Structure formats: structure tokens, C-alpha cells
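Starting off, we have a lone chain in the form predicted on its own, written out as C-alpha cells.
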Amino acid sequence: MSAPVIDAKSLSKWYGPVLGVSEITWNVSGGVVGLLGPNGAGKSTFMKMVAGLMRPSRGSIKIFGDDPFSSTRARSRIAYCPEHEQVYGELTAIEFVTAMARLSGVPKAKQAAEAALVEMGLEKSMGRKIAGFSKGMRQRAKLATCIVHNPDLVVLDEPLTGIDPLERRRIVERVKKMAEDGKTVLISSHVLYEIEAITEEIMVIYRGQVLAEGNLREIRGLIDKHPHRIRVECNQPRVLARSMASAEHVVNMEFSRDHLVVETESPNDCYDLIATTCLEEQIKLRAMSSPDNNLSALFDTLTGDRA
């Protein structure tokens, strides 16, 4: 049997008295895996150790069975895209990616750079200076530097932060394409829906420790064991409340002149009932959101902080 892509055992890292990550034991066999956690949870620290850029204080990590801190073979199979931008604005995209390809020892670096930029959807912009790029385009140029040497493991630290919806979709599509091409992708975020759009395999990290790992649907199902709040902004909240009151899954309601907040034990049934009622009663629905359908609710549930 081949070695796991990532094999971490009792991995810990501290900075003086500050704990970065603590006793993480985890292995990844392939595909796209999401690393979820709030800012300061230890995601970046863990990813830097995976990429061979930071040694653990205790424990061990192997990448494809090799030590990423001493094995050039292991490092050559890894690509790392940091959260913070480090690009050379005075260079064109093709100059930037070609330079990174040469530093990685890629033969025919310019041809490889052109192919990587095409893969990232920047074929029409590769001759432009990066200083004139949007944030999303700069992020895709960074991703091109990641794939230019054809790595087997791609580590992406918060690649969707500050990206507009159109650019987010483009990047998500390209991350999925990496997995289809046989690469393993480790991608982090502090926003639940961003990871949901890419993968269902996740690890939740909080205060440097693993809270949960596995299939997102199973983990997220923990939220639905608690009353689930849905906020509905509409022109007739009292009419909507009257219809919702008889539903067995509704446990509480609060309303004002312009909105209704429903607590339900069955979110899916509640969403269906809201839609049906709005159609039947000709209620104008302005907005609908769920303060519990987010990453904070997941953390609160896993840490036992919810009432």
C-alpha cells in the first residue's frame, strides 16, 4: 500500500508560551480536504508544517512517506499558496510565473508558465502587469505559481478571502479541476459555505486542536440537534407567523414590523413551509438568512458553548 499523502502524528507547535497547534494526529489519502477554523485557530501553523516550512515542536509529519524538512523529493511534490499576497506588481503575469517556475527547476519554464496561466483562466491577461490586476486575478496568478511545477499536493491558505463572487466561483472551479487531475488539495477557510462549495471532507480546528473530522454533512448535522433559527424579512410577518404557529417543528417565534425569527427543530421542513406560505399568502419576501447556519454555530456546538 502507498503511504498517505499527509501523515501527522501528535503534531504540536508552540511559540514560547503561546500554543499554535496541539497533538494533531491526522492523515489524508487524496482529493480535496477542507481545513475549517476561526482566525487564530492554528490553520496556518498546521499548513506551514505540512508544506515543510515550519518544524513542529513535538510530533512528526510525513508527506508521501517522506520528511518534508529534509527530503527534496517530498518538497518538490508540494505547492504552498500563503494567505497574504506576495507578488511583484512591476512584473507581468507571465514574467512572474516564469520566474517562479525557474526557481522550482522546471524545464522549459516559460512554456510551463503559459500553461499554468491558461489553466487559471488568465490567458488573455498574461502580458499585463500584476499591479493592474484585481485581487481575484492576483490570487489566480499566485495559484498559477503553485501548479507550474506540477505538484502532487497543493496547500492553499485562505485563497478565497476578499474575493468577489465571480472570482470565487472561478477559483473554486479550478481547485476542483486540480482534484480531478489527481492532485491532493488542502484548503483552509474560516467561512463554512466556501468550503462547502468545494468539498465535503473537512477537519475542524479550534484553539490549536482538532474538534472533528470527516464528512461535512455528518458534522454539520450536529447543528440540527439544536433549535435552528431562521430570520425572514417580509412585508407581512404576522401573517407568516400565524401560518407557522401550527407546525410541530416550530418551537418559538419572534416578530417585528418587518421580520420574523423562527426557531425550528427541522430546518428543511421550515424552509419549505416558509416558501409555500409566501406563495399562498402573496407575502413579499425581501431576505431570508439563518444565524445558526454558519461556522460559529458549528464551533459552538462542538465546543459545548450553545445553550
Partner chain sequence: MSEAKVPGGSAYAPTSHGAVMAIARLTLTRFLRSKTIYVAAFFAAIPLFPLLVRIRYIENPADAWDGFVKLTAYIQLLVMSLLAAPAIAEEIEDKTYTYLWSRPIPRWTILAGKLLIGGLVGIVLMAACLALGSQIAQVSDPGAITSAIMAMGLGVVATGCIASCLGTLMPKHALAVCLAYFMVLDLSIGAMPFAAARISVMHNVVAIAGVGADQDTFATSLLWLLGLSVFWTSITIWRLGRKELSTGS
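Residue numbers count along the first chain shown, from 1. A quick note: this is a predicted structure, and the numbers were derived from the prediction, not measured.
Form predicted in complex with the partner chain: not shown, discussed below.
J.: Within 4.5 Å, heavy atoms only, one stretch in 171-179, 209-217, 143-151, 233-241 touches the partner chain in the model of the complex. Which?
T.: The contacting stretch here is 143-151.
J.: Give a yes or no for F69: in the model of the complex, does one of its heavy atoms lie within 4.5 Å of a heavy atom belonging to the partner chain?
T.: Close contact exists here: in the model of the complex, F69 approaches the partner chain to within 4.5 Å, heavy atoms only.
J.: Although the partner chain is absent from this view, report whether H249 comes within 4.5 Å of it in the model of the complex, heavy atoms only.
T.: Taking the distances in the model of the complex, the answer for H249 is no, it never comes within 4.5 Å of the partner chain.
J.: Does any part of H84 reach within 4.5 Å of the partner chain in the model of the complex? Heavy atoms only, please.
T.: Answer yes; at least one heavy atom of H84 falls within 4.5 Å of the partner chain in the model of the complex.
J.: Just checking whether G34 would be counted as a contact of the partner chain in the model of the complex - the rule being heavy atoms within 4.5 angstroms.
T.: No, G34 sits far enough from the partner chain in the model of the complex that none of its heavy atoms falls within 4.5 Å.
J.: Taking the partner chain in the model of the complex, would S76, T92 and M100 all count as contacting it (heavy atom within 4.5 Å)?
T.: Looking in the model of the complex, the three residues S76, T92 and M100 all sit within 4.5 Å of the partner chain (heavy atoms).
J.: Even though the chain is shown alone, can you say which residues of 35-49 have a heavy atom within 4.5 Å of the partner chain in the model of the complex?
T.: T45, K48, in sequence order.
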